[in-house]
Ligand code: URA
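Below sits a lone chain in structure tokens, taken as the form predicted on its own.
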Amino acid sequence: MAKKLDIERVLHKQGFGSRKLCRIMIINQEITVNGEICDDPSAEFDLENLQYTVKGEPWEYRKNAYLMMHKPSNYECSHKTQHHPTIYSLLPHPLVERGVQCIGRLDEDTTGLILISDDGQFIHRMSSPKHKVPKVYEVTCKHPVSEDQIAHIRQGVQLVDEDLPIAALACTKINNHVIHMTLAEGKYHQVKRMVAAISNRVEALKRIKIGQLDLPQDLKVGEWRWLSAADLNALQK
């Protein structure tokens, strides 16, 4: 049997404010549930496939939030930013209120695929080095990249403050200035430092894949979407 919950607690758990504020919205008939106005804060509903609107905006009940975003440049992956806007400003306020966190930060000038969730186990599984989730970066270099430099990245480059050379899982030359580099680690400025170690420089950096999940071509810069069941399966492979 599907779990039931009163609508006041549903709205509170989904990030729409305090219990008191949610109660006021319900009493003021600002909430519809499954297509009908609900003005009773204690009315209970099955959580499975629960559809509701808040002040005319449609929502679906989700126990946990699993999102992807096409991160723009000049945004920081932090709730407390220093120099640029936060990526959380691109999300609806209720999701931020739920306490969602980005999984593995991208530098402010790095763009591309980033995952966001409020599920602690999922965040750990996707970010922990022991799980070695591969991530693919599209790297635009200042100078032409030679096959010897590609081989060097595959074999391992020595970075400052690292005891052992660091190698990419894969590195493919797309054209003279663009390479795709696959890493399973997340060391500080790792891609930029590895490219610097082969006497080149990163001009643009974009994450295009996490696990088997590609950045969708139709997800525009600055946009976000819920992860589908197929997306979540791709991340488990």
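Just count from 1 along the sequence shown to find any residue number. All values reported here derive from a predicted model rather than from experimental measurement.
Only in words, not in the display: the form predicted together with ligand URA, which the text now covers.
**Asked** Where, among 168-176, 60-68, 190-198, 35-43, do residues come within 4.5 Å of ligand URA in the model of the complex by heavy atom distance?
**Response** This holds for exactly one stretch, 190-198.
**Message:** Please determine whether residue 118 contacts ligand URA in the model of the complex, using a 4.5 Å cut-off between heavy atoms.
**Reply:** No.
**Request:** Could you confirm whether residue 106 comes within 4.5 Å of ligand URA in the model of the complex, counting heavy atoms only?
**Result:** Residue-level check for residue 106: yes, a contact with ligand URA.
**residue 88 within 4.5 Å of ligand URA in the model of the complex, heavy atoms** = The answer is no: residue 88 has no heavy atom within 4.5 Å of ligand URA.
**Request:** Indicate whether residue 137 is a 4.5 Å heavy atom neighbour of ligand URA in the model of the complex.
**Result:** Yes - in the model of the complex, heavy atoms of residue 137 and ligand URA come within 4.5 Å of each other.
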